[in-house]
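Just the one chain here, the form predicted alone, laid out as structure tokens.
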Amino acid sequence: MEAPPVTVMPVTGGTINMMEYLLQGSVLDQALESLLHRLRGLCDNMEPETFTDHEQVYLLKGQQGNPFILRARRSLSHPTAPWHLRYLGQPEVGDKSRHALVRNCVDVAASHSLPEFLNEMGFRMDHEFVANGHIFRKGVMKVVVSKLSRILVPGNTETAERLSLSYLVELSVLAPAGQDTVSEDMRSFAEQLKPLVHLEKIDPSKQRH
């Protein structure tokens, strides 16, 4: 099934209707500390925020076309915090000169009954995973370095098993539509992280879940 790239943005705050500008890359486990050291020097927060989140991806299949996808995420570090429901639109394909992937992002807080509500609406869970890692900030830019783990027993986060020997690295900005200059700032910042990690505008047609 074709789908937009996975994004592993932690449960922090919420935006109503914004555009997400995104660059992605990965770094091997043994290079993690070097990358964190570089980010501490470049970002506003010397010590990153940490997170452990559980995300469930729900599909609603229509009569034709691609299924409608919603993402439900909760914090395992803060169990009493609200769930977050996120919709990520298809990446815009208009301006090839953009340095970042751009897509619509709707993110709202929800109650702990969110999974039951989605099931009642006809959605079915496609897959789920646990993401844990670090969050750095540089102005309006957010850098998330996270390890992804699949869940072997549905709904039981204690059975999480790491997917790979690398960390996902995401550089993102949430901004109103038309703020394309932020992609230039992102490109400049990404250059400063080379050769530790190469952040790129990922082609969504090559992404599969």
Partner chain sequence: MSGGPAVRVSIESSCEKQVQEVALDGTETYVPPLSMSQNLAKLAQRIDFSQGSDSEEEGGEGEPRDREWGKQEQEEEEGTVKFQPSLWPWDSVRNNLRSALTEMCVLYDVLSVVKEKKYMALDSVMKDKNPFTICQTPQVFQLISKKKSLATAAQLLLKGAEKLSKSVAENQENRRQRDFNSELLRLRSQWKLRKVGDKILGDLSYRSAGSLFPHHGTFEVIKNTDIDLDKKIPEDYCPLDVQIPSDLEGSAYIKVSIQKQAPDIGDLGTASLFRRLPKPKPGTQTWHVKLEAAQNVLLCKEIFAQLSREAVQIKSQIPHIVVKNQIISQPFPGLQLSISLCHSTGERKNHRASPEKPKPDDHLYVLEHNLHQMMREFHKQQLSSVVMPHPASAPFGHKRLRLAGPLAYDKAEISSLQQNEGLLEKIIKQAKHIFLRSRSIQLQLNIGVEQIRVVHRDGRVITLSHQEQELQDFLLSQMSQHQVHAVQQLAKVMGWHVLSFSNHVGLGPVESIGNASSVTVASPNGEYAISVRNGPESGCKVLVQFPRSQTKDLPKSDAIQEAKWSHLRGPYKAVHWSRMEGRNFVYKMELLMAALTPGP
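What you are looking at is a predicted structure, and each value in this text was computed from that prediction instead of being measured. Positions refer to the first chain, counted from 1.
Not on display, but discussed next: the form predicted in complex with its partner chain.
**Student:** Are any of the heavy atoms in residue 84 no more than 4.5 Å from a heavy atom of its partner chain in the model of the complex?
**Tutor:** Contact check for residue 84: yes, within 4.5 Å of its partner chain in the model of the complex.
**Student:** Is the gap between residue 136 and its partner chain in the model of the complex 4.5 Å or less for some heavy atom pair?
**Tutor:** Yes, residue 136 is a contact residue.
**Student:** Quick one: is residue 156 in contact with its partner chain in the model of the complex, heavy atoms, 4.5 Å cut-off?
**Tutor:** So residue 156 does not count as contacting its partner chain.
**Student:** Should residue 34 be classed as touching its partner chain in the model of the complex when contacts are defined as heavy atoms within 4.5 Å?
**Tutor:** Looking in the model of the complex, residue contacts with its partner chain do not include residue 34, since no heavy atom lies within 4.5 Å.
**Student:** So which of 60, 28, 163, 140 reaches within 4.5 angstroms of its partner chain in the model of the complex, heavy atom to heavy atom?
**Tutor:** Checked against the cut-off, the match is 140.
**Student:** Though its partner chain is not shown, can you say which of 69, 148, 174, 151 has a heavy atom within 4.5 Å of it in the model of the complex?
**Tutor:** Residue within 4.5 Å of the partner: 174.
**Student:** Would all three of 45, 53 and 74 be in contact with its partner chain in the model of the complex, where contact means some heavy atom lies within 4.5 Å?
**Tutor:** Each of the three qualifies.
**Student:** Note that its partner chain is not shown here; using its position in the model of the complex, name the residues of 105 to 127 with a heavy atom within 4.5 Å of it, in sequence order.
**Tutor:** In sequence order, 107, 109, 110, 111 come within 4.5 Å of the partner.
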